[in-house]
Ligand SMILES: Cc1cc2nc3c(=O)[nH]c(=O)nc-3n(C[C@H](O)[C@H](O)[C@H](O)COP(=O)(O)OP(=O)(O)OC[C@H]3O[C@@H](n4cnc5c(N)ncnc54)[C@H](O)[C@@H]3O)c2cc1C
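Before any questions on how it binds or moves, here is one chain, the form predicted alone, in structure tokens.
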Amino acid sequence: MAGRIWVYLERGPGGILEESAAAVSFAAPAAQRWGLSLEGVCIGGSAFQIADAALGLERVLHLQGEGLEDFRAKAYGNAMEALMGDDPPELIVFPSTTQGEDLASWIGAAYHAGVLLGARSIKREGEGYVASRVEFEGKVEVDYLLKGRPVCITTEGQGPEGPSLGSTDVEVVAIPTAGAAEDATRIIHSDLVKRTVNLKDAKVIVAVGAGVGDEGTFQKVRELADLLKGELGATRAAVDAGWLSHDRQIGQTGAKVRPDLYVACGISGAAQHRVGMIESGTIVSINIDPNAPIFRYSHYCIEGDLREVVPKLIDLLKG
């Protein structure tokens, strides 16, 4: 069964994740261009949830078996290996999620095939694939030659716009999988926190760092975001300090965003944060430190204390 591209469909509380839809929209043009079939692979969950995802796939392979309800890298990796056997697809596209990155790395290692996390584009070249990824904080786009089978990639964080998640008549093939339950870990209990915001769609983001300092200043930053009709974002340090929840974290371990306007309040500009916002349209930074690294990447720099600068900006906007 050669000539296939698989897309991993990650499940969430409400069905297939939007990140998986973006992965399908990434893979679909390539499958059409190269004359390959496009199939989805989902592990665990109900067939009803999968059938509700209008993803433009020829069919969905639904792996079912003991121990597959909750994600564990070994169990899910073994299930995918059992499905592929000695005849894996040419390419597997995973969503840009922690689970997607775990499985891409697992399958690549198991089959000694090329893996690239955060691919922006992909093309065929000889007996392999060339995938590109943006490196050095958005300054350079680097091509990587990936060989072996199956080549595994995750899509770039933002990704192209995915298809809608409405109903469709996608064929779902249930495939019993045995032996996947053996694992050194066991899920005892899990709490899923509902995501309250999608920063990737925000046109304006006002982000806070550890330098926000106190509750009064934070509330002023919130007021500024409201006046700009924007969303609040945060660095990891600000999330760890309890100013905002993890779904508003921006950076290497959070969301990668591209708003039209990004206002950085009390953010030093560490590389881990910059990779998440460096492609913003206009970057305005407010920092009391004239040597803050964020200033080197900003279009407009305001050197000053947030407690003084933000209220003045609010007055100007209310003007």
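No experiment lies behind these values; they were computed from the predicted model shown. We call the rigid core whatever largest set of C-alpha positions still superposes within 1.5 Å between the two forms. Residue numbers run from 1 along the displayed sequence.
Below, we turn to the form predicted together with this ligand, even though it does not appear here.
Interface residue among 254, 259, 67, 45, judged by heavy atoms within 4.5 Å of this ligand in the predicted complex: 254. Contact with this ligand in the predicted complex, defined as a heavy atom within 4.5 Å, is made by all three of 250, 288 and 307. Partner proximity in the predicted complex, defined as non-hydrogen atoms within 4.5 angstroms of this ligand, places exactly one of 57-65, 259-267, 36-44, 23-31 at the interface: 259-267. When contacts are judged by a 4.5 Å heavy atom cut-off, residue 237 counts as touching this ligand in the predicted complex.
This ligand is not shown here, and in the predicted complex it never comes within 4.5 Å of any heavy atom of residue 283. At the 4.5 Å threshold, heavy atoms of residue 50 stay clear of this ligand in the predicted complex, well away from it. When contacts are judged by a 4.5 Å heavy atom cut-off, residue 278 does not count as touching this ligand in the predicted complex. Using a 4.5 Å cut-off on any heavy atom, none of the residues of 9-48 reaches this ligand in the predicted complex. Residue 43: CA moves less than 2 Å between this form and the one not shown after rigid-core fitting. Shown in the overlay between this form and the one not shown, fitted on the rigid core, is a CA shift at residue 270 of 2 Å or greater. Residue displacement note: residue 255 has its CA displaced by at least 2 Å between this form and the one not shown (rigid core superposed).
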